[in-house]
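Okay, so here's just one chain, in structure tokens, the form predicted alone.
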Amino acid sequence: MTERTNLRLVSEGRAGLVRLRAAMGASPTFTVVEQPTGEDVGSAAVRLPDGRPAAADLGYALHRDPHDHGLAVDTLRALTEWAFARGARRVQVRCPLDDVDQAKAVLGAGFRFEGVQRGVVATAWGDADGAVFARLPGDPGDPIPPALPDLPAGGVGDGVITLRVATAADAAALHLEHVNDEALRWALTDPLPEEETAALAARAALEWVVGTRALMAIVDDETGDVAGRVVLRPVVPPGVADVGAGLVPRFRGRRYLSRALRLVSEWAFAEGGYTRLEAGVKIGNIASAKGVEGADWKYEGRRKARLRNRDGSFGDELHYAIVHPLHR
């Protein structure tokens, strides 16, 4: 039976910032009303597939500054309470991969990141990949902080290079970094297709927030061109990350690798919450070994059959690490 709410108040957010006014229907749309002004500040919707309250999809659009997370978080909480009160056993939000503000708001409303699904977000250019976040009735709903703090505006630099979160605009340079002859010589696997490199760059900001990886572009300050990349991949145990890095060929020979590793370790220890960073270098890769050693990372030994070759065989690894100053 269709529920008729007749624009009545159906829920209030936990923080008391918004009220929801619902139109009729089993999967209603809402007007988001700010308290205490009574101003309409956005719209929202709950979709119950086939009218059954098994899994509810939430959507919202606010007219305010997208960085005002308070209204977005409270709207999501109010929608979630409404859906659970009507028997939903799962509530989920799908957001575009490049909408970091929405991802932060969804985390702030207690939703857990569950992964990336292909073609689940409708855009003006067709269906696109989306990040999926969800809550179950038994979840505490407490805010989930972003996995990593934001970099300073403009990134972190030393006057010669700057590290910043990678973007879709960096895709061509990041692809060139790993398809040149020298990079292929030491690669662990075959190079990614150009479209996959572009996809990684496009979701770098999202992955920074949810913690799957931290992909940064190395920018040459003089030209503004992307000179390479650095990536942190969290590993077990907590507080430890594996680091990979590489340079576009024309920027080699300038000690940019050492500069980048020094910058990333300083940031990781001061702001990122890491206590130890590790890197592996293939036997014979002298340039990479010099770059790591030039950043004051310490050689910890040789690991047998640790690194895969492109032909499927395995070779030894020269293992390097740097630890937080408090633990040295």
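Bear in mind that the values here come from a model prediction, so they are computed numbers and not experimental data. Start at 1 and count along the sequence shown; that's the residue number.
There is another form of this protein, the form predicted in complex with a small molecule, and it is not shown here; the text below is about that form.
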item	value
Residue (of L200, A173, L163, L257) lying close to the small molecule in the predicted complex, criterion heavy atoms within 4.5 Å	L257
Partner-contacting position among E182, D129, E194, D139 - heavy atom within 4.5 Å of the small molecule in the predicted complex	E182
Partner proximity in the predicted complex: N285 to the small molecule, non-hydrogen atom cutoff 4.5 Å	yes
Proximity of F84 to the small molecule in the predicted complex, heavy atoms at 4.5 Å	no
Any non-hydrogen atom of G253 within 4.5 angstroms of the small molecule in the predicted complex	yes
4.5 Å heavy atom contact, V219 to the small molecule in the predicted complex	no
Partner-proximal stretch of 113-121, 144-152, 242-250, 86-94 relative to the small molecule in the predicted complex, 4.5 angstroms, heavy atom	242-250
